[in-house]
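This document starts with one chain, in the form predicted on its own, laid out as C-alpha cells.
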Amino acid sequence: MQSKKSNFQTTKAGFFTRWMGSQRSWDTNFNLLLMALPGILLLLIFSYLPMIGIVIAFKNYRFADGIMGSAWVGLENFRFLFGTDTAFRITRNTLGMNSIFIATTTIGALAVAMLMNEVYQSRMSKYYQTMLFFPYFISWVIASYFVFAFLNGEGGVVNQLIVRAGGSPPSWYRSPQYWPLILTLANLWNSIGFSSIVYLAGILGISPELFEAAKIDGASKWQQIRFITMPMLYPLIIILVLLAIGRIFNADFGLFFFVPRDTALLYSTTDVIDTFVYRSLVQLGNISMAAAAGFYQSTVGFILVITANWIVRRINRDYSLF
C-alpha cells in the first residue's frame, strides 16, 4: 500500500514538474511566438487555405457551377496534360534551368562572398554590397527592357559590337538555343548579390582565430579557403541548396515570361510550368488544366526535397534539413 502511494506521489510530482516546465517555456517564448504570429497567419491564409482548391485539378471547372458543383472528371486533366509533348517540354525546361540556376548562383555567390570578405574592412565595402544587392529589387519588367536594349536586332548594343568586330549578329528573339545562357546571366545578375550576403554572414561568423593560426602555420589564402572557410560553410550551403531544390519546380515567372517577351519562337527553351499555367488561364481559360499542372508541380517538388534531404541524412545526419 505504501509502495502504491509512493508511486502515485512520484507520478504526481513528475506531472507537476513537466507542467511547470512547459509553463515557463511558454512564458519565455511568448514574445517570440507573438512575433511569429503574422508569418503563421500569412502561411495559413495564402498557403494552407488555398489547398482546398486542389480539387479543381480533378474536375471540369465551370464558373457557374463553382468548385463543388463542377463535374468530377478524375485524372482526365492529367491525361490531357501528359498526352502531348508540352508536359515533357515544360518539365525539362523547369528542371534544367533551375538546376543551372542553383549551381551557378551557389558558386557565384560563394566567390563574391569570399571577395567581399577580403575588403570588408574597406570604406568601399558598403558601396560594393549596395551595388551587388540593388538588382535584387529591380522588377523583371524593367530588366526585360535592359535585355532588349542589348539584344535588339536593329540597334542592340551586342549586335553593334558584333558588326564592328566583322561578325554577323544573330536574331536573338528567334534563336531559342541562345536563351539558356541569356537567362542564366540574367538570373545571376539579379540574385548573386542577395545570395552572397547570406554566405558573407556565414564567413564572418567563423572564428578569426582559425585564420590566424593558419597564417602562422604558413597557409596560403587558397589553403585557408579550402581547409577552413569551405568546411565551415558546408552546413549553410547544404541547407540553402535543399531549400532551392524544394522550389526547383517553381520557376521565376517574371524571368521566363518578361525577359524573353513571351515570344512563341523561344518556347522550346523558355517555356516552363509557371508560364504554361499562366497561358492556360489567360489564353485558353482552362482553370482545370492549370490546376492540374500546378498540382503536378507541387507534388514533384515535395518528393524532390524529401529525397534530397534523405540523401544528405545518409551522408551526414548533421547537415540534413530535418
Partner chain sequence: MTITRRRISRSWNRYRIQALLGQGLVHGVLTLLGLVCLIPMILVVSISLSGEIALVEQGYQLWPVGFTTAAYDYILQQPGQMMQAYGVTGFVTIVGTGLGLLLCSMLAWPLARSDFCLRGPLSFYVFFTMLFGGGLVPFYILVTRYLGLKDNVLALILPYLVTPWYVLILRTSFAQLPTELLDAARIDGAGEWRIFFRIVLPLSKPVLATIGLFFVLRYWNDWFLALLFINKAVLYPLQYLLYVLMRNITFLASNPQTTGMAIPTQSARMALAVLAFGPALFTFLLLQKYFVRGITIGGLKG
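These numbers come from a predicted model, not from an experiment. Numbering follows the first chain given and starts at 1.
Below, we refer to the form predicted in complex with its partner chain, which is not included among the displayed structures.
**Q** Looking at its partner chain in the model of the complex, is some heavy atom of each of A36, Y48 and G66 within 4.5 Å of it?
**A** Contact check passed for all of A36, Y48 and G66.
**Q** The chain here is shown without its partner chain. Which stretch in 225-233, 71-79, 84-92, 117-125 comes within 4.5 angstroms of it in the model of the complex, by heavy atom distance?
**A** Stretch with heavy atoms near the partner: 117-125.
**Q** Identify which of V112, V241, A186, I248 has a heavy atom within 4.5 Å of its partner chain in the model of the complex; exactly one of them does.
**A** Checked against the cut-off, the match is V112.
**Q** Looking at S168, Q177, S139, S207 here, can you tell me which has any non-hydrogen atom within 4.5 angstroms of its partner chain in the model of the complex?
**A** None of the others qualify; the residue that does is S139.
**Q** E154: heavy atom within 4.5 Å of its partner chain in the model of the complex?
**A** So E154 counts as contacting its partner chain.
**Q** Would A308 count as touching its partner chain in the model of the complex under a 4.5 Å heavy atom rule?
**A** No, A308 is distant from the partner.
**Q** Give a yes/no on whether Q160 approaches its partner chain to within 4.5 Å in the model of the complex, heavy atoms considered.
**A** Residue-level check for Q160: yes, a contact with its partner chain.
**Q** Within 4.5 Å, heavy atoms only: does F258 come near its partner chain in the model of the complex?
**A** Yes, F258 lies within 4.5 Å of its partner chain in the model of the complex.
**Q** Does anything in 129-156 come within 4.5 Å of its partner chain in the model of the complex by heavy atoms, and if so which residues, in order?
**A** Heavy-atom contacts to its partner chain in the model of the complex: Q129, T130, M131, L132, F133, F134, P135, F137, I138, S139, W140, V141, I142, S144, Y145, F146, F148, A149, F150, N152, E154, G155, G156.
**Q** Check F194 against R313 at the C-alpha atoms and report closer or farther in the model of the complex, compared with the shown form; the change is 3 Å or more.
**A** Result: closer.
**Q** Check R247 against V312 at the C-alpha atoms and report closer or farther in the model of the complex, compared with the shown form; the change is 3 Å or more.
**A** Closer in the model of the complex, by 3 Å or more.
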